[in-house]
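Take a look at this single chain, the form predicted alone, given in structure tokens.
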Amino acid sequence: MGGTSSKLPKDLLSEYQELTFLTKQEILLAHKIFSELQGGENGPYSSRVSMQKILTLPELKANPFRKRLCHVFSTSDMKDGSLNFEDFLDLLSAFSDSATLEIKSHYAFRIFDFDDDGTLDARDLEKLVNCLTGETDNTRLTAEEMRQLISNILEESDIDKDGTVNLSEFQHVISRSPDFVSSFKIVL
């Protein structure tokens, strides 16, 4: 069917290149994918795609934090996890190979801060562990194992000993993890 796909204006493409860690080709591919998620509609810059549609992307399907990703990067007033094109680019930019450790660790912290209170407390850490291990009876940690693991995480990470991990403490821990930058990515 001879429908034409919407094109990204050159001035916007240049602006997106300046404001993200994405290459021209990555932005154009992101635009194509986002337009397909919209059903081929024109004008993807402000219209939103539901979280349910975003989560159909193969790159997110297996990610245990897929819903948190949408919530963290969504600028929707409805707090529904829907993304507009610029939200989508922000997500891809933060997960690109070119993003800095500071950017990646900032967004990782926000993703792991399930209650959005600016700290990782025991409840956030328990949810984080459950996302990573799965929440089936076969993979779930016992209450004692969870308590011990959270205690170990806080012992290692909570520099000011206030019972939580703040962003700077988290970034300090991440800076000692050489694999973090290479593993914190999404490739389209």
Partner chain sequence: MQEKRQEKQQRLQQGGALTGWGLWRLNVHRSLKRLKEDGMDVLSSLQLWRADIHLIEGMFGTGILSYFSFLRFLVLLNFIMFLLMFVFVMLPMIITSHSAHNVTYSSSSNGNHTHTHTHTHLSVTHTHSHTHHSVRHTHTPLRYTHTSLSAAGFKRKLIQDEDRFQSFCNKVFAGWDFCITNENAARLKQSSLLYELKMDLEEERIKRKMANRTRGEKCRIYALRAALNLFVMAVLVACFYCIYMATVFSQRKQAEDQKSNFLLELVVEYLPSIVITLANFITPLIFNLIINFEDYSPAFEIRFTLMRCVFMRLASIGVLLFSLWDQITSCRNSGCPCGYNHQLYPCWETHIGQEMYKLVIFDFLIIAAVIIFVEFPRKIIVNYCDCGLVKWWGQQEFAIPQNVLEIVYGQTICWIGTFYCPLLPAINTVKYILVFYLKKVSLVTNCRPATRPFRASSSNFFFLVVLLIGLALASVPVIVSIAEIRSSRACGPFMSYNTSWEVVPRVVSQLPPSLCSFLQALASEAFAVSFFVITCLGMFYVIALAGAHKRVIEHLRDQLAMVSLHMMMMIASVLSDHFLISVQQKL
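Positions refer to the first chain, counted from 1. Bear in mind the structure is a predicted one, so any value in this text is a computation, not a measurement.
Omitted from view is the form predicted together with its partner chain, to which the following refers.
Annotated contacts: Met51, Ala99 and Phe114 are all free of its partner chain in the model of the complex [non-hydrogen atom within 4.5 angstroms].
In the model of the complex, none of the heavy atoms of Ala30 sits within 4.5 Å of a heavy atom of its partner chain. Though the partner is left out of this view, Gly39 does not reach within 4.5 Å of its partner chain in the model of the complex, counting heavy atoms only.
Proximity of Arg140 to its partner chain in the model of the complex falls within the 4.5 Å heavy atom cutoff. Within this chain, Lys185 lines the site of its partner chain in the model of the complex, having a heavy atom no more than 4.5 Å away. Along 166-188, a non-hydrogen atom within 4.5 Å of its partner chain in the model of the complex is carried by Phe170, His172, Val173, Ile174, Arg176, Ser177, Pro178, Asp179, Phe180, Ser182, Ser183, Phe184, Lys185, Ile186, Val187, in order along the sequence.
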